[in-house]
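Okay, here we've got a single chain as structure tokens, the form predicted on its own, with questions on binding and movement later.
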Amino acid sequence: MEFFIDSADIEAIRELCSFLPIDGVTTNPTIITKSGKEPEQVFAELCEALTEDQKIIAQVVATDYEGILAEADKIASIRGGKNIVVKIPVTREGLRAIPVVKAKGISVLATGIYSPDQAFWAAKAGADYLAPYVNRMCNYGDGVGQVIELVQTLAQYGMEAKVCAASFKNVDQVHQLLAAGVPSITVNPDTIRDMVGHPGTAIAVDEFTANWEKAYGRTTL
């Protein structure tokens, strides 16, 4: 199972990677613009912050077929292509480009998915990952349920594409998909922190420390 950080906030990425076994980072054009930095700087900082075993997943901006192909080549050149994945939206031009990009030996994540049907066609086109927008799909129905159904459909047909669930509003959505066995997931830093932190844990640790200090006059073993 792979767990990615959905962010271009280098400090947040460094923080989370310092104590969690993170598999890499996903970005998109909106995330990069919100960083306030030039894209080249963002990519350079990601290469510095992550090991080569951690994936960098970056999205094309062009919407036309030729532009998508050109930008896929550019993204694939980051870090010498080591564990780089190109995100391509599931538009008609994107679906047309996916098998061509794959034929070059470039890994692809199909993004902007709002329905299992779109994901199915991206899988048929050869995408390695499929990124359904879970919370946005919930605005049109049972987004979590549709993603679970998608995982089952891919397994039924023996398709190799992996669902990489994205776009979460809360921890419960993440929890439901983890419990259902989603093979990969990308989550923003705040939601990841909410997954890890719990007030009950802090209370328990403080209680342990207070009891120990009361008995032995120190807060170490």
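Here the structure is a predicted model, which is why all the values come from computation and not from measurement. Start at 1 with the first residue shown and count on from there.
Same protein, other form: the form predicted in complex with SN-glycerol-3-phosphate (G3P), not shown, and the subject of what follows.
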Report task. Could you tell me if all three of Glu2, His175 and Ser184 have a heavy atom no more than 4.5 Å from SN-glycerol-3-phosphate (G3P) in the model of the complex? Result -> no
Report task. Please name which of the stretches 166-174, 48-56, 62-70, 35-43 has residues with heavy atoms lying within 4.5 Å of SN-glycerol-3-phosphate (G3P) in the model of the complex. Result -> 166-174
Query raised in the report: Is there any non-hydrogen atom of Ile31 lying within 4.5 Å of SN-glycerol-3-phosphate (G3P) in the model of the complex?
Result: yes
Report task. Report yes if any heavy atom of Arg79 sits within 4.5 Å of a heavy atom of SN-glycerol-3-phosphate (G3P) in the model of the complex; otherwise report no. Result -> no
Query raised in the report: With the cut-off set at 4.5 Å between non-hydrogen atoms, does Trp121 touch SN-glycerol-3-phosphate (G3P) in the model of the complex?
Result: no
Query raised in the report: Looking in the model of the complex, any heavy atom of Lys102 within 4.5 Å of SN-glycerol-3-phosphate (G3P)?
Result: no
Query raised in the report: Even though the chain is shown alone, can you say which residues of 124-140 have a heavy atom within 4.5 Å of SN-glycerol-3-phosphate (G3P) in the model of the complex?
Result: Tyr133, Arg136
